[in-house]
Ligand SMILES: C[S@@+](CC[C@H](N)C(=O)[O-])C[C@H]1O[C@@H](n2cnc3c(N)ncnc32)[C@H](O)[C@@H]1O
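A single chain comes next, written as structure tokens; it is the form predicted alone.
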Amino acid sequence: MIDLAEQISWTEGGNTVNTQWHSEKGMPPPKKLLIADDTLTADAAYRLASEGTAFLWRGDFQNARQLLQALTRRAERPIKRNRKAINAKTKAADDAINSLTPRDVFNLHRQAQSQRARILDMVLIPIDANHHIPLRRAPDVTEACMEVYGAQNQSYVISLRELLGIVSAHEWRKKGVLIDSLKAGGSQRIYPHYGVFSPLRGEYIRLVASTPLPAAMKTESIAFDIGTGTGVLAAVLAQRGVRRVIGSDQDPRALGCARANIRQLGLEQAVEIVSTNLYPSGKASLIVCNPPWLPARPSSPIERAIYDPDSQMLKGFLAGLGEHLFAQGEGWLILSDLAEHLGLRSRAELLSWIDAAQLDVLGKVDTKPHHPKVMDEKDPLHSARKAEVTSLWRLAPK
């Protein structure tokens, strides 16, 4: 359900209109709002949006999409200029004043992306209580909005960019993601829900699917999947023969997503999904965690799977691991070293946290990621992504 506490107001036809405002990012309603239609030019829209003015669209829906595309092209211009500046300064390594550290590049990139998002979120769309868009040539988004917002009894306003994200997530939810580590012969697809990180990076799943199970499994066949998300790792462990798997998460959307995936895979007898912060009660022979990889503040709910302020989840997992493991049990930490290449966290820091938690490193299995950004040389973070390694750290109490 949409939070009814947020309201957006504007003047139209001489009357003041109040309705629900919703933003998955938690953005407040815009302070300046114009009624806009097909007569608004992209240049004027970009100038106004850059100054903080939002547009409530009353024209043709497809024209609103075209305006958003035009704004995207204009918003990319400063990012491209920023990339050129970054490259120029980085190449001037002999000049200490002009050189940029990987951390500097990361922070500049995040700032540019944030500014771009603020501009693109200024195109607003009205939606009726039945999730119908009252605009010409508008698509039917009822099913997609029902999945995210549930039934509504009032009209509401959201950004067009958020709406398109909801529609895109709906299509992924219908299509699913093929997971080659799941057993053939049945469903090999995981169906991500809106706001739940999609398991498109298969290398970390293959690590969990291929690493030998700990010796403790012979007597106590139980595993925990901390921060289960879509439930994909819990499903892989169950299909590997672990008799009882408990997947934990705090996000209601992740919990619903994981339960739906476990159900469609026919693994309800082996996998239980519980709502808790990090660890469920009891002990396990294997505890798996794939925490967010970058210690930075997320700007939207979906980014919580990538950004973890001050590495809080990583530290929490390490601190509680020993007391939740059976004798001869193992904790598997799946972690990218991208943060190290960006200067956001050092290997020495990670090892110190492991040592402070009274844990030993039994071994480490490495793999290289294969996602498209690794090959994108225009990406400001390309050098760090090219060097990135994803590892499964095998940990045990000292």
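Just so we're clear, the structure is a prediction, and the values are computed from it rather than from any experiment. Residues carry their position along the shown sequence, with the first being 1.
One more form of this protein exists, namely the form predicted in complex with this ligand; it is left out here, but the text below deals with it.
Residue contact check for N261: none of its heavy atoms lie within 4.5 Å of this ligand in the predicted complex. Interface residue remark: G202 is not counted as part of the site for this ligand in the predicted complex, having no heavy atom within 4.5 Å. None of the heavy atoms of A169 is located within 4.5 Å of this ligand in the predicted complex. Taking the partner from the other structure, this ligand in the predicted complex has no heavy atom within 4.5 Å of any heavy atom of L213.
Interface residue among L164, A296, A138, M313 relative to this ligand in the predicted complex, by the heavy atom within 4.5 Å criterion: M313. Just one of S114, Q328, T142, N277 comes within 4.5 Å of this ligand in the predicted complex, counting any heavy atom, and that one is N277. Partner proximity in the predicted complex, defined as non-hydrogen atoms within 4.5 angstroms of this ligand, places exactly one of 152 to 160, 221 to 229, 169 to 177, 264 to 272 at the interface: 221 to 229. In the predicted complex, S248, D249, Q250, D251, A254 are the residues of 248 to 275 with at least one heavy atom within 4.5 Å of this ligand, listed from first to last.
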